[in-house]
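As a starting point, one isolated chain is supplied in structure tokens, in the form predicted alone.
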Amino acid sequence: MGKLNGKVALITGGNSGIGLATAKLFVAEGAKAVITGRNEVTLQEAVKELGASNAVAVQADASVPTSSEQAVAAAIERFGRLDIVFANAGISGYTPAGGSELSLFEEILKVNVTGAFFTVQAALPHLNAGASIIFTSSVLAEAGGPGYAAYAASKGAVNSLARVLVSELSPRGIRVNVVSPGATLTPIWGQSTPEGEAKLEAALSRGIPLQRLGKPEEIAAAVLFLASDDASFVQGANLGVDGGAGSSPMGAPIYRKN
């Protein structure tokens, strides 16, 4: 008996990384999934992995509200309902003070904040009591990482957005929560080889108490909890899945004496 039997989930950015890992876990737990992404090739590859009877792919740009409406319509047309929204699609980029392009800064905010909000708005007419909305934030919303002003600001905005939606949607019995990953091995880093990933992990793990990067499957497990009835009284939570980087940064190896 799966934890999501009979449920239908919309997962933006579901063609790679955390989104794809979550889609796989949701399907394994009995759900049907509608996944979105910009890359048609990786979308179709993801559907093959998930099974054509279990998933639908919609090529969509998260920053365009009509794309979200199309994805929601696909969920209703194919599966007849919508129970879970995982607003996960996001992009990053280097935006240091004094050296940033306006176009990149605005694109990050448009995808990560505006896109997340309008994904939820498109889904709302079809969500009933017991439905679950989960946003992907980041440990960088609070960490003050240099060079990532737009990304950090966007994730801080997502946290605030979630709190507002809690107040608006609680009367309808709809839960709204956030998962905040720390450094996780996903394509967002741009590393395409095992050697590159190992080098990245060696550098970043010095700042993580558990001394390693997260795996997409570990983030997916947290999302599954928030989406399932196991979290039926969890409302407005921000669940950090970051190896302790957010809660105890001074516990990282770089600060240890031995």
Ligand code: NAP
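These figures come from a predicted structure and were not determined experimentally. Numbers for residues come from their place in the sequence shown, where the first is 1.
Just so it is clear, the following notes concern the form predicted together with the ligand, a form of the same protein that is not shown.
Novice: Only one of 77-85, 168-176, 125-133, 90-98 gets a heavy atom within 4.5 Å of the ligand in the predicted bound form; which is it?
Specialist: In the other structure, the partner sits against 90-98.
Novice: Could you work out which of 111, 152, 71, 120 is the residue within 4.5 angstroms of the ligand in the predicted bound form, going by heavy atoms?
Specialist: Of the candidates 111, 152, 71, 120, 111 is the one lying within 4.5 Å of the ligand in the predicted bound form.
Novice: Are 15, 60 and 187 jointly within 4.5 Å of the ligand in the predicted bound form, each by at least one heavy atom?
Specialist: Spot residues vs the ligand: full contact, yes.
Novice: With a 4.5 Å heavy atom cut-off, would you call residue 39 a contact of the ligand in the predicted bound form?
Specialist: Residue 39 belongs to the contact set for the ligand.
Novice: Could you confirm whether residue 162 comes within 4.5 Å of the ligand in the predicted bound form, counting heavy atoms only?
Specialist: Residue 162 lies outside the contact set for the ligand.
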